[in-house]
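Before any questions on how it binds or moves, here is one chain, the form predicted on its own, in structure tokens.
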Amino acid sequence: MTIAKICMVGAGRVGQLHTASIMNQLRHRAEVAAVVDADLASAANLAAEFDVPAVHQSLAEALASGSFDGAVITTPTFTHCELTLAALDAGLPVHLEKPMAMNLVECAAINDAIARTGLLVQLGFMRRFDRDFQAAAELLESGEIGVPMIIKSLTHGPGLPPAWANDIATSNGLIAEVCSHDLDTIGWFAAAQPVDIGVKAANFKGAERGVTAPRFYDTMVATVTFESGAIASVAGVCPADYGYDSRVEVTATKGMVQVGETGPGGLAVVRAGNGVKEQALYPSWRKRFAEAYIAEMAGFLDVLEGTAPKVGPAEGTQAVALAVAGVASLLSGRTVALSQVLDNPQIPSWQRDGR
């Protein structure tokens, strides 16, 4: 069997995780042949940990120096478009971490490059590779519990994201950097097109944590309506100091399904007149979705062999549309129709003015 050579672009937390998945769990199918990071020391440390033979400070340098079968891009969102275009133009299929891009102009550029090159791109929505989320999606698709009416999805993260992600000019903020997974999940489970989104947000902990980015928010709730009539809510908190929390509940016309708990198990205590449930908590997203991340990289290796990605640019574009419309809603204080951002793709004012 041919061992696929992967160029790992980004040596941060997600790059480290994907490198470990490939080198520890999927070594019979692939190897990380180079690590790329603008911080050369970070790239070198990751490469040394897994005996990766090459380290580069830019993707252009890596492409000029070696031959690869695919690229995994895990860098900050504002770099996604440029790096994805470079990889596709070099003939490499791409695993692209969420969010797909900063805005719909960048999404269109990526989609055009995919059409031009005929190459495949997998999006990094790891819930699509989690067995519990997959089982819920299959149950909903079967119609056994009817048609989704209300979908509630949340992601609460235990710590602040990297500094660049605190600024809506370089990240769109919490709705994109943390809750992209929720935006993807509600569309996946609703199996319908979103119509509009309304967002409310607050900043509870920014000042005490030293965040100085303008318009930073650490708490948000979004309401999304779908063409099917389904209504969804997305809740995000980061930092949520109690641990990592990723859950979804769907109420359908014939029943309901819940996905996820705050932890892998724990103690339930019920006393007369009083009920208390105590659980061990997931300390991080790495623990909660450990198996899903390995399956995600296995899925990308399938893509390299010609299999259509389980989740791709169409889903990535929809999540970006919801995120952009969501920030527009937050800043304007009104519900925003998805058609407003989809029919006239442009770089949003907060990105133009803030960068």
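Just count from 1 along the sequence shown to find any residue number. Please read all numbers here as calculations on a predicted model, not as lab measurements.
Keep in mind that the form predicted in complex with a small molecule is not shown, yet the notes after this line are about it.
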query: 4.5 Å heavy atom contact, residue 263 and the small molecule in the model of the complex; finding: no
query: Proximity of residue 106 to the small molecule in the model of the complex, heavy atoms at 4.5 Å; finding: no
query: Touches the small molecule in the model of the complex: residue 143 (any heavy atom, 4.5 Å); finding: no
query: Residue contact check: residue 314 to the small molecule in the model of the complex, 4.5 Å heavy atom; finding: no
query: Output flag, 39, 80 and 98 jointly within 4.5 Å of the small molecule in the model of the complex, heavy atom basis; finding: yes
query: One residue of 166, 246, 75, 84 in contact with the small molecule, assessed in the model of the complex (non-hydrogen atom, 4.5 angstroms); finding: 75
query: Which of 226 to 234, 206 to 214, 150 to 158, 90 to 98 lines the interface with the small molecule in the model of the complex (heavy atom within 4.5 Å); finding: 90 to 98
